[in-house]
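In structure tokens, the next block holds one chain alone, the form predicted alone.
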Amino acid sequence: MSAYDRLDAKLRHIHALESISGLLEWDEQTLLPADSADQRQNQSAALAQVIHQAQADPEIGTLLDELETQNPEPETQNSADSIGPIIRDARKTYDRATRLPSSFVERHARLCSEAYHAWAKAREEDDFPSYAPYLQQHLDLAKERAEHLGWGDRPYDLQIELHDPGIDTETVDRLFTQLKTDLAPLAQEILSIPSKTAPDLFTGFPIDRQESFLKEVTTSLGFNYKRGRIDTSLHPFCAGNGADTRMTTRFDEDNPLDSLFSSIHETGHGLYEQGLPLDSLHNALGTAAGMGVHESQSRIWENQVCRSRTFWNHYEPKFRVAFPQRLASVSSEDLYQAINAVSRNPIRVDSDEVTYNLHIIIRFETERKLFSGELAIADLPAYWNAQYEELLDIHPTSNAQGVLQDVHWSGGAFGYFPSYTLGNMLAAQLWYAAQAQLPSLDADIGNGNFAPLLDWLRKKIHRHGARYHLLELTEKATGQTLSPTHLLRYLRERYLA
């Protein structure tokens, strides 16, 4: 057996363990009995140590040394591309695993499980002080991880790089500053337009019909339910991989758009996972390029496609069949305006696409201050509320509406939030590139034919796996560098036309 074949076998083993860990995390947020959380903490910690041990296997280091000296690089059996990206990614994973003590990995896994349940309880009871110690522990562990991995002088850069390889704080700050300069006044201009949406338009929509309708929509977009499923959770998410993709949503009889668009959003993630090469899910060729790219795939379907008039020209009749009594007195224009309503909403996941990125900018600036020491955990609620008042003229009435609303920090996922806006930028850029290269795109969407766009995304994004990072992939897919100008253009065209 060649050195590459031996490495491939070990990567497959690690991937199998990681997929089991993913199922435990999915179960914890969907089906786990409330009083069983302590056992899940022990299970997660034990499995994390097993995965870490497999990643730090000295034989992997020996095999990588041998493969890195080979020139020219050999070819993989199932791909015409060189194994360079596979070796590069495996080397990074191995080096980081060998630098992290097993005790750190165990503590981090245990804290993630414990902090999730503490966050859920704190949000329900609007009790930030009970959650603050867990958040402090996560911040301390993030800085400790940076020390172990040689990023001690720039721990927040590491957090961003963990989610979006090739991106650092300076890059995010540059792009966000450009966006914020134009987006803040643009949002104010759009918000000043009198609302055309009745406040009680959506009430009493049966959940079983919501579920049937969103299943029809997500299937038509291309999600393969033979390789995936959708369930309910406190916070919608997508987990797993192309072989077994798990999505979740949440339901409210008085807010059917929340379940629908959160499902469409997660379907975008699922389509990306299902579009990655199935025989390479264990290596870089079958791995997503990063969370910014991942978010671009969810956002282009959620916003550019499924909030468009063209999409609703096709799906409005089906929506009315699903809810005939509730929509009997609602005109087509009222429905479209409600789907694209812009308002000052304190909750990020419920906000519109005009103000959404301002929510993300607040989180980026907050995290950066936490890591620099300019902001203490105890001062988070007051700082958070002040930022919302300044940038969005929103006054959160509780911490549940404010700093406790997101699940991310309970898993130590600092540096994740910038990915959402990076993804929004790329989604808009991809949208205009697709329009230029697919002349019948609008007509196809109007006919409920989403295959051409999905095939285009498969070719431009999905098939590349993690060969390229976000900035490289943007240029290859669109011919231009990543820029907020396309997102600003899109928002102006949709909301000021």
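Computed from a predicted model, the values in this text were never measured in an experiment. Numbers follow the displayed sequence, beginning with 1.
As for the form predicted in complex with a further copy of the same chain, it is not shown, yet the points below apply to it.
> Mark residue 55 yes when one of its heavy atoms lies within 4.5 Å of a heavy atom of a further copy of the same chain in the model of the complex, and no otherwise.
No, residue 55 is distant from the partner.
> Would residue 489 sit within 4.5 Å of a further copy of the same chain in the model of the complex, counting heavy atoms only?
Residue 489 lies outside the contact set for a further copy of the same chain.
> Can any non-hydrogen atom of residue 100 be found within 4.5 angstroms of a further copy of the same chain in the model of the complex?
No, residue 100 is distant from the partner.
> Can you work out whether residue 299 and a further copy of the same chain are in contact in the model of the complex, taking contact to mean some heavy atom pair no more than 4.5 Å apart?
Result no; residue 299 lies far from a further copy of the same chain in the model of the complex.
> Taking a further copy of the same chain in the model of the complex as the reference, which of 155, 228, 275, 346 has a non-hydrogen atom within 4.5 Å?
By the 4.5 Å criterion, the partner-contacting residue is 228.
> State the residue from 36, 70, 447, 62 whose non-hydrogen atoms include one within 4.5 Å of a further copy of the same chain in the model of the complex.
By the 4.5 Å heavy-atom cutoff, the listed residue in contact is 36.
> Which is the contacting stretch out of 452 to 460, 425 to 433, 438 to 446, 23 to 31, given heavy atoms within 4.5 Å of a further copy of the same chain in the model of the complex?
Correct option: 23 to 31.
> Kindly confirm or deny that 159, 163 and 370 each have some heavy atom within 4.5 angstroms of a further copy of the same chain in the model of the complex.
Spot residues vs a further copy of the same chain: no contact at all.
> Though the partner is not shown here, which residues of 43 to 59 have a heavy atom within 4.5 Å of a further copy of the same chain in the model of the complex?
Stretch hits, in order: 43, 46, 47, 49, 50.
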